[in-house]
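The chain that follows stands alone, in the form predicted alone, written as structure tokens.
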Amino acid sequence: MGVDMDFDVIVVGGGHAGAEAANASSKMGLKTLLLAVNLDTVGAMPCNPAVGGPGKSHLAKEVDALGGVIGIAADATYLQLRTLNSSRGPAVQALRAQSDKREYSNWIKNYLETLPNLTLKQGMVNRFIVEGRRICGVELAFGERIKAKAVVLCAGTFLEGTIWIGKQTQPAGRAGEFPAVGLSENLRSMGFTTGRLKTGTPPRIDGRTIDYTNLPVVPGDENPDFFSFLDKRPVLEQVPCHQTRTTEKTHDIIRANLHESPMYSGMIHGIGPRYCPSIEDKIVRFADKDSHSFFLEPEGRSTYEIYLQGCSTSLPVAVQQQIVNSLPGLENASMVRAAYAVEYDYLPAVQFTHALMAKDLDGFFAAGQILGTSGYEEAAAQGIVAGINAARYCLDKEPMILARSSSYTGTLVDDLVTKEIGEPYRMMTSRSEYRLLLRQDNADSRLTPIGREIGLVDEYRWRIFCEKQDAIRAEKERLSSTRVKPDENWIAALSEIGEEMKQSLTLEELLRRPRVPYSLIESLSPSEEGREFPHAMPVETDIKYAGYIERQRHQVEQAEKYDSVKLPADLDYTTLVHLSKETREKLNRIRPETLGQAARIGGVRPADVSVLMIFLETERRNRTHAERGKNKTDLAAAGS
């Protein structure tokens, strides 16, 4: 059958990675096709209907700062907004939104349908069309062939997906949806290595059957923050969540039925997420704990379904019902949807570059769970990177590479393509060594100029960004230049927090004190009478943590020296006999692009880095000697 359509970029998959990739590519002016197995589930939230949390909110805000979608969608469809770790330092504070899952999905689909360069099409990819070392398009299940200069694979959990409930199994990408069968074999025939991972989801409960009388309420913030750096966010009535806990009876039920778990009976071979374990895992791994916390989170305003957060399991349905009824407040509760585990194929990301393009197949990009991650935010961050770079590949431009020191997105990509990860990767603030620099409140100052240069940040967003940066600069200047005397108001206010003031000080000098909050400064010396300064967090953090921030910037400068040293693409590491055998094998397999990337590979020791530095210096000297010898020969020939 002949070619039906031509596009610049084809995005395969309509989840969070696919939505961001399609948005980026089309907004950059490329003719883009988004292929989804089911167009009714574009932007779906098959697991927890929530955005954000520690590390994850940083990713969501970074995607928004670059010109992405997830932040605006989360702000438009929230049920509840809450800042986590608010009593801790600014580096680990994180916004979390409980979302209306149906509204979120509808918002994403409706938004994508408005993009002028984007076509949405329902279809399943049967195989990829390849010529030599270059991707040329896709072939669909019913024979349609579609050409493209670049393809972005965002298949989620659909590659040979299998769901498990007890010892019962069926092929599915997720409950109720067909898996992509045969595509993994096609990828392997193209030279890719695949692996097998596992994730899971909790049961959904009929909220009308829950007794909330004695359950602790988890409310949203009274004055919430938002994910997007744009203005005009909708103010919606917030819906409370509730909390319950496992009991001794819960644990007894699980222990008595471990043999029914496909994970513990050896039927599931995929590796599950360490940081989001099933309730079976929690009971076994943390046997000393007599209780675990669950959260009852609404799935939407138009449904009575409640998400039992923390209760991921693959035990049989009857056992799941017993577990649910053993929980306080859920003694008479009914399940609407059973929990299940899903096992699926993925592509270890060491086969891809920092641009998320395959090392051995030009124009082929991948993003999301297909690269071994878990979570909507991780998928969205990869999606926007892959979409941008697929577009830039088509335009014959250099790829956008985000350094790990620039963002959590850069950290995520660097970890994936550098380290051999054997379990679903989840972003946490501890993943970054530069987390005081990479806060959620300053994601726009770090990345919006990059989004503007690329072409994703429009005039409206850019104007808002510039106005904010001007306001922050002006406020910092005011704080450094305004001097106050120790009058009775200042002395009284400071004494209440255990501080004193014996001489005149600038507002900046006062704010540097750990116990002096910006709110106190503003109450006695406001930036604008009758109006709170809207950007207090970045101002206060930059001033109060100036010494630590400067230290981290110095660390970044040192790390960038290694990252600026390129390694030869064709270097045969087996010839470097002073490296260990394990290191040679890893370097040949991963093929790092820079010395810094090589240093971050698991198992590569500082001594190995020294060997590489000596090799590079020797090669440089040999080239210099060769060039000098050639120049002398040329001069001698010219003289004769």
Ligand SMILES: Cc1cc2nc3c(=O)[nH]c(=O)nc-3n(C[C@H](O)[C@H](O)[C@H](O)COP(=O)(O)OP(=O)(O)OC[C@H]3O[C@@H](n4cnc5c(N)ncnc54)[C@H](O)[C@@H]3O)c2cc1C
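Keep in mind that what you see is a predicted model, and the values were worked out from it rather than measured. Just count from 1 along the sequence shown to find any residue number.
There is another form of this protein, the form predicted together with the ligand, and it is not shown here; the text below is about that form.
**Study point:** in the predicted complex, Pro46 touching the ligand (heavy atom, 4.5 Å)
**Key:** Yes, contact at 4.5 Å.
**Study point:** Distance check, Gly375 to the ligand in the predicted complex, heavy atom within 4.5 Å
**Key:** Result yes; Gly375 sits at the interface with the ligand in the predicted complex.
**Study point:** is_contact(Leu438, the ligand) in the predicted complex, heavy atom dist at most 4.5 Å
**Key:** So Leu438 does not count as contacting the ligand.
Review point. Taking heavy atoms only, is Lys27 within 4.5 angstroms of the ligand in the predicted complex?
Key: Taking the distances in the predicted complex, the answer for Lys27 is no, it never comes within 4.5 Å of the ligand.
Review point. So which of Val125, Leu79, Leu187, Ala349 reaches within 4.5 angstroms of the ligand in the predicted complex, heavy atom to heavy atom?
Key: Of Val125, Leu79, Leu187, Ala349, the residue with a heavy atom within 4.5 Å of the ligand in the predicted complex is Val125.
Exercise for review: Select from the listed residues Ile549, Ile491, Val218, Cys276 the one whose heavy atoms reach within 4.5 Å of the ligand in the predicted complex.
Suggested key: Spelling it out, the residue with a heavy atom inside the cut-off is Cys276.
Check your understanding: Each of Gly15, Leu35 and Phe158 near the ligand in the predicted complex, meaning some heavy atom within 4.5 Å?
Key -> All of them do, each having a heavy atom within 4.5 Å of the partner.
Review point. Okay, which stretch from 449-457, 87-95, 205-213, 365-373 lines the ligand in the predicted complex, with non-hydrogen atoms inside 4.5 Å?
Key: Stretch with heavy atoms near the partner: 365-373.
Exercise for review: Let me know which residues along 70-95 have a heavy atom within 4.5 Å of the ligand in the predicted complex, or say none if there are none.
Suggested key: Not one residue comes within 4.5 Å of the partner.
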